[in-house]
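We begin with a single chain expressed as structure tokens, specifically the form predicted alone.
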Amino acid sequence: MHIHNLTEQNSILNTFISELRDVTIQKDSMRFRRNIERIAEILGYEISKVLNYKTSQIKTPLGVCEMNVLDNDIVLCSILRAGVPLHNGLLNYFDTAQNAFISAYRHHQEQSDDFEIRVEYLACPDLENKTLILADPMLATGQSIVATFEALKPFGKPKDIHLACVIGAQEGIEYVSKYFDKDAHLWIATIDPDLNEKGYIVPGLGDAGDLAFGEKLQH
């Protein structure tokens, strides 16, 4: 797998990530969502550099201009619910893409730290020979993205696979690297070193879904 860590080079991206992590700023859920969306736009721009292009004749009011324009059949797939603002940011750039949504969550047995990933909702177009961008803000253990891709398999085999994440743990990156083909790409805003005993990224930022949309009802 090709791993693209965007914070290996300093940019305005650092500011957006810092605000996501900041316990004071992240109390503003609207700003939290917007920062994820802005990071997604940067991820989308970087992804666009390795996609396919074709030459097109563009008619202007004064003449004709030859331009290279995007020539990929893209499907954006996001993991609910934290993936919604990430999806929106990517869709701002890939606005002609088809869209897929999946709910994948951690199910803990009897309040244990051990969990399994459960998929309960999936809406997806045909993926055969298309470019799949699979978006999930937090790449912790890597199990959610793998479970999501397994659930997508009945919809066809994509031509290209791109994973788009905000923050990942080294352990999770190693996990998905072993699972996905060597030609797949991981685009990630930043990488943290550790997971805690509950499988959350450290230092991370907390629960992205709760910070974006409010605490979920426990049952």
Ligand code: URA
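From 1 onward, residues are counted along the sequence shown. All figures in this text were calculated on a predicted structure; none of them were measured in a lab.
The discussion below concerns the form predicted together with the named molecule, not included here.
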property: Segment that reaches the named molecule in the model of the complex - one of 92-100, 69-77, 134-142, 120-128, heavy atoms within 4.5 Å; result: 134-142
property: Contact test in the model of the complex: Ala208 vs the named molecule, heavy atoms, 4.5 Å; result: yes
property: Distance check, Leu20 to the named molecule in the model of the complex, heavy atom within 4.5 Å; result: no
property: Residues in 175-200 close to the named molecule in the model of the complex, defined by a heavy atom within 4.5 Å, in order; result: Gly199, Tyr200
